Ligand SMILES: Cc1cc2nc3c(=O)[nH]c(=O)nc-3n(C[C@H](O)[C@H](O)[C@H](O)COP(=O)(O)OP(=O)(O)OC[C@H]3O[C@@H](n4cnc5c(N)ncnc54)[C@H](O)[C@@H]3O)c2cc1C
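A single chain, nothing else alongside it, follows as structure tokens in the form predicted alone.
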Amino acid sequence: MNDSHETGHRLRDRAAFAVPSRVVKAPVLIVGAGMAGLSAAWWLDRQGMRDYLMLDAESAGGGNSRWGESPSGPYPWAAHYVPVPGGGATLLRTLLEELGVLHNGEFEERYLCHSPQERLFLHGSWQDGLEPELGATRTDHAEYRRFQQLLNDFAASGEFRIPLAAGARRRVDLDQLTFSAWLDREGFRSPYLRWYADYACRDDYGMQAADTSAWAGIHYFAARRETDEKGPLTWPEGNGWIARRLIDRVGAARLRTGEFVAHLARSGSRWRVTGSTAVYEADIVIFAAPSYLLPHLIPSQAAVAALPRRTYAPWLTANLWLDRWPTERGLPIAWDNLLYRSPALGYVVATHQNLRQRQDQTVWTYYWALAGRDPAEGRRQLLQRSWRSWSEAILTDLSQAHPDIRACVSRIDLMRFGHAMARPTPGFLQTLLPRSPLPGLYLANSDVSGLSILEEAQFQGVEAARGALKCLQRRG
């Protein structure tokens, strides 16, 4: 399984696309049914504006919050949790209240991650939590304490907020060097701490600390320290739980899946959007797909050609169907399970949140950010390596902690994400995308800010919807 790369490559190569004869008119057209597009639709609905259509090239909506189904229940294909939002995250808390996750300031316990939450396979055995402890020296622990104090200071500064626009100021100097260089400068030498910092960058950004803006690396740790609530929030299908409820609100009549957009052009005061089955005429286009597509869709516009270019991280996700559980060594299996110095990011157990204490079958979702190489090379590897090659690499990695894993797995499904998320490289804060580069066109993807997290996608989607509503009001 993949993103629609064949059609995307045709667009990249400027292949000709047939122009459908059917014309559909709508005041607002949302391109992309990921979390940003769904958030834009959510906000339009809240404001009583329901005359819109949503297009998505994939066979189902959800974007990076897609999910799948198995006999043992649903499972995520990508984003699989939401950090518990603090009091300042008003948009996300409003949505969670509507979805029944938050009641009178209290989060529903069944949606908070059950224990055990996280474990790390290190030096031949499992330890509790993801920060390496086994074998750590006094020097390692002292560095951890100093690192945490620095993060507390950064958090207290008011700069590192979610969304980025809520930050009080920006330390441009931190965005001019890599996270690794900043750790070097601050004298952090512990291999355990350096590994953990690198893991964090691969986890949220799909890139190594050596390539990540120091500002973004610090943001990962400092931006969510305002709440003491035990978390995160998660579901068997991960963030697909949220996506499917937002998709249900959009409804089948307004969501057109399998509809690839090949061209956008101004037609008088309106937009003419060429899809694969129809031509859409709209007053407003909310573009919630990644911004790198725009120069291919609107090739003749100088404002589009001048948009800052981002690079995007390639990812591989696998869902392993297990007919039985492997033999464990030490701690019991957790929701999130990571192997120290693995090239991948470990796996989450999709059945972890089930109320039944034990069931024979389960699904593990395994994440592999192809960091540490040129993104284009990572994409080539995604396409060139076979299912068997990737599956064998995954099983070999897991066998370090689970020697009998091959006897447990009955099926492996793969998903290749060529452009999973924008990469916050040094200087990304100086390349924020304009909200509306052309009249009636509003950008909504999280790559507007450069951080691909759910809260940012929601914020950008809502901001685009607000801009669209104001534009419609002006037009009367």
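Start at 1 with the first residue shown and count on from there. Values in this document were obtained by computation on a predicted structure and should not be read as measured data.
Here the subject shifts to the form predicted together with this ligand, a form of this protein not shown in this document.
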(request) Could you work out which of A371, L164, I284, V261 is the residue within 4.5 angstroms of this ligand in the predicted bound form, going by heavy atoms? (result) V261
(request) Using heavy atoms only and a 4.5 Å cut-off, determine which of V349, A78, A344, L174 is in contact with this ligand in the predicted bound form. (result) A78
(message) So in the predicted bound form, is this ligand close enough to L293 to count as touching (4.5 Å, heavy atoms)?
(response) yes
(request) Although this ligand is absent from this view, report whether A457 comes within 4.5 Å of it in the predicted bound form, heavy atoms only. (result) yes
(message) With a cut-off of 4.5 Å between heavy atoms, is A36 one of the residues that contacts this ligand in the predicted bound form?
(response) yes
(request) Although this ligand is absent from this view, report whether E58 comes within 4.5 Å of it in the predicted bound form, heavy atoms only. (result) yes
(message) So if I measure heavy atom distances to this ligand in the predicted bound form, which of the stretches 151 to 159, 215 to 223, 96 to 104, 252 to 260 falls within 4.5 Å?
(response) 252 to 260
(request) Pull the contact list for 205 to 220: residues with a heavy atom within 4.5 Å of this ligand in the predicted bound form, in sequence order. (result) none
